[in-house]
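Okay, here we've got a single chain as structure tokens, the form predicted alone, with questions on binding and movement later.
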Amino acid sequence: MGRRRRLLIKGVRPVARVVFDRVTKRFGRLRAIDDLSFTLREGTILGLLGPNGAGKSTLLKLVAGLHRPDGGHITIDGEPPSPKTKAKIAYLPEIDHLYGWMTVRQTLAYVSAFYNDWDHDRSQELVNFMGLDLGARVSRLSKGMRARLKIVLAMSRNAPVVLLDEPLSGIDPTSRSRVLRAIVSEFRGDRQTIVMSTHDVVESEALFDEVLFLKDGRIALAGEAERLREERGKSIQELFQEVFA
């Protein structure tokens, strides 16, 4: 994956998918995002890493247009977040946003109706790969199966930017493996960028082209995953433990 284009931190800004320029987001006295600048190019999988409360979910919501910055600027293909840019973004929140009374089939039909970029063939392939029963009610699915369904909803779109907020949180090892394999198999590196936030690094670090360690809303460490491994002589998991010890 290292052959893909790389993340630039406070450097020269080429044509980019997502740019943060000194962005700050406050909730009362808390600065969830604090003077944050980075540029994310197309064609990479970025691991957004940090413990709970580091600001990861807030960062993703800023990109998705669900929060507005209190300072600085965010652009997506040169434009600030807006209804137009939202159409380019597939966002999977950490919270369970599924309707329990719907079946899997109804959930897919309901969500797909909102997006012109929904790929029905890919959706069916993912349903089969995830082992989901189209007739099953969402309320009767295990947490792992619900997580698989959420990934299907995110990855069935041909969106240029895919935001995955803690997709591995609290699910069984089998479901984690399925989720990670689905992300890898459906990633379109020639026209897509994925940002995946997680504090579970051991299983997911092999996916990442780039990593951004977020601590108290600031960048603690960032760069190409493979280069960091070579320069530091440590795995991404070991660097995570070092940064957040």
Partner chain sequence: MWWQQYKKELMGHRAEGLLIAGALVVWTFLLLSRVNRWSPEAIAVLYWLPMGFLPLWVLWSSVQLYRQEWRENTSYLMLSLPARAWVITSAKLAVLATGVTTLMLLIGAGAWLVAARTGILAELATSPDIAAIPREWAVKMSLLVFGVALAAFVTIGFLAQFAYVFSRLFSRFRGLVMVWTWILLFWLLGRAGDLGGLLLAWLPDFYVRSLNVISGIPEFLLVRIESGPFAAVALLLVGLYALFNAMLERAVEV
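Remember, predicted model here, so these are calculated numbers, not experimental data. Superpose the two forms; the largest set of C-alphas matching within 1.5 Å is the rigid core. Positions refer to the first chain, counted from 1.
One more form of this protein exists, namely the form predicted together with the partner chain; it is left out here, but the text below deals with it.
Residue (of 75, 106, 169, 124) lying close to the partner chain in the model of the complex, criterion heavy atoms within 4.5 Å: By the 4.5 Å heavy-atom cutoff, the listed residue in contact is 106.
Heavy atom within 4.5 Å of the partner chain in the model of the complex - residue from 66, 219, 184, 206: Result of the distance check: 66.
Contact test in the model of the complex: residue 91 vs the partner chain, heavy atoms, 4.5 Å: Yes - in the model of the complex, heavy atoms of residue 91 and the partner chain come within 4.5 Å of each other.
Would residue 129 count as a contact of the partner chain in the model of the complex, using a 4.5 angstroms cut-off between non-hydrogen atoms? Result no; residue 129 lies far from the partner chain in the model of the complex.
Flag residue 17 as yes or no: does it have a non-hydrogen atom within 4.5 angstroms of any non-hydrogen atom of the partner chain in the model of the complex? Output for residue 17 is no: heavy atoms all beyond 4.5 Å of the partner chain.
So, residue 87 and the partner chain: in the model of the complex, are they within 4.5 Å at any heavy atom pair? Answer yes; at least one heavy atom of residue 87 falls within 4.5 Å of the partner chain in the model of the complex.
Pull the contact list for 105-129: residues with a heavy atom within 4.5 Å of the partner chain in the model of the complex, in sequence order. Going through 105-129 in order - heavy atoms within 4.5 Å of the partner chain in the model of the complex - the hits are 106, 109, 110, 111, 113, 114, 115.
Is residue 71 one of the residues whose C-alpha moves 2 Å or more between the shown form and the other one after the core fit? The answer is no, as the C-alpha of residue 71 shifts between the shown form and the other one by less than 2 Å after core alignment.
Honestly, after the rigid core fit, is residue 102 moving at least 2 Å at Cα between the shown form and the other one? Residue 102 C-alpha, core-superposed: shift of 2 Å or more.
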